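Below, in structure tokens: the form predicted alone, a single chain.
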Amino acid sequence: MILRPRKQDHLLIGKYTGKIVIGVGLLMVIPLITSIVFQEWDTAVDFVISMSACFIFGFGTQIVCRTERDLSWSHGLVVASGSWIVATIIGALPHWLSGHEGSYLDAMFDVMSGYTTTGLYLMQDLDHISHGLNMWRHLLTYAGGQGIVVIALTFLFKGTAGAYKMYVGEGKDERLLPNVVQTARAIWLVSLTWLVIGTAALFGTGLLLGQEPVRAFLHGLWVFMGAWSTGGFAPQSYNTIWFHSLSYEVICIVIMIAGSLNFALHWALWTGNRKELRRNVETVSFTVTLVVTTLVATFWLAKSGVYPDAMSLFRKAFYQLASGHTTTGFSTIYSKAFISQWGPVGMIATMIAMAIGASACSTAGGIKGVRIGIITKAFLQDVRKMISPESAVVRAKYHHIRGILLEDGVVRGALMITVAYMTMYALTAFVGTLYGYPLVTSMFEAVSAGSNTGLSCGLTDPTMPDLMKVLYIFVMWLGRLEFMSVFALIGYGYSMLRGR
């Protein structure tokens, strides 16, 4: 029997959702200040209106939804997934008010893409938007990489058991420190330290390329945010191809890979455990699959004669594959080049990299390297069992911060999420083919959206059907939260309608 939620359940979910929306409003202070500094008064007014909407909703729910209860698992999952929808609806206001979006749906698409660190966008005339709006776009993806729940945990919550349940609901399940609020702050410490280092490196490179200091700093800051969050947003419509710089690309690759690593791995390295980098199942899995997919794409491109020399070939192939595998979405080729130059083999290699993704509990999306490692270990364990004597006890372990025994429950969980991702990719691609897009094109864009990557072969466009936009918003959200909290929200809604 399904029980209908009580009033106290609604109050509890409303209270904590309001706190998270307040956090989104506080984030808007940064683009507001940016607009004021550059005297972009219309944009400043847009952010004042949007902040007001966040605070009215957030503080309004705090007044209406008063309760002292703590969150249960189901509440935490519902808050984690539901707050993303509310934050997307309200967070789309600055985009819509700017006049650079064709509709409010387009604005919501771009904001969900930012929060989920996807990088696909429908914004028009990107090269001429205000500094304040550009700051907001990149701040969305930088904050979304850490998680909007992590933002709220850092500043607005006490370290309760319910706080941990929201943290898990956002697709994270590892504590760096005993307290989940301390874990959230540790994540921000890592991210902000990298922010200073990465922005400085890109800023210096921009100066050497001849950019004006202010422009070099802003581009360095924004490109870092897009790379570290594996979000893929860039300040120019031509993405990182706009810079035409090998040094810029190398720095971006370093930041992309660093951003795709598990925050627990970062913390282990910070606390002196250097061996973890080469022992961890995720880094091993990522290295193997990146090398394999890059070799496949490189071989195909060499055979096709797309690029004139070995340096250009490797530079283009490795950058796109690293960007795809880390689910960043930065690109140094035009989107249509995937179809006209890379062809089906190059696109399939990129799709495999995007579908797998990088590390769990990171800014990246996709199936995750830890699950690929677990499934591979389980397969090898079964092979060993088949060739061993019947009396032999065959056990396997994998290393992820510590040695972990490979149990059936762990394997089953990895397989379940992997099948869920593959099903989502296939169904999304199928809808694309119903609208008349070629199968490989539809699959490429579906995997890019569902894995939160953002590489595009040209399908994502303001003129695409509205149903496709809604579908991509849904799969970006579903892929980023790794299904469970979204299913919990759907179940909560169903219980409201049909529960007793």
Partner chain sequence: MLRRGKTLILVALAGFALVLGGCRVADNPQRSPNDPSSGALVDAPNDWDGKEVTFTGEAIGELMVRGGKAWIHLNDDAYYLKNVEEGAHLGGYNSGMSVWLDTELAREIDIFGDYKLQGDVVTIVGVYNAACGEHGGDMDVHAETLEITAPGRPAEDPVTTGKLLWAIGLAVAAGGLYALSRSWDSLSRHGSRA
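This one's a predicted model, so the numbers in the text were calculated from it and none came from an experiment. Numbering follows the first chain given and starts at 1.
What follows is about the form predicted in complex with the partner chain, which we do not show.
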{"item": "Candidate from R185, H399, K377, H100 lying within 4.5 Å of the partner chain in the predicted bound form - any heavy atom", "value": "H100"}
{"item": "Interface residue in the predicted bound form among T271, S237, S388, T423, criterion: non-hydrogen atom within 4.5 angstroms of the partner chain", "value": "S237"}
{"item": "Among 446-454, 428-436, 23-31, 43-51, the region lying within 4.5 Å of the partner chain in the predicted bound form by heavy atom distance", "value": "43-51"}
{"item": "I241 within 4.5 Å of the partner chain in the predicted bound form, heavy atoms", "value": "yes"}
{"item": "The partner chain contact at Y307 in the predicted bound form, heavy atom, 4.5 Å", "value": "yes"}
{"item": "Contact flag, H219 vs the partner chain in the predicted bound form, heavy atom cut 4.5 Å", "value": "yes"}
{"item": "Residue contact check: F474 to the partner chain in the predicted bound form, 4.5 Å heavy atom", "value": "no"}
{"item": "Contacts with the partner chain in the predicted bound form - residues in 458-482 whose heavy atoms fall within 4.5 Å", "value": "T460, D461, P462"}
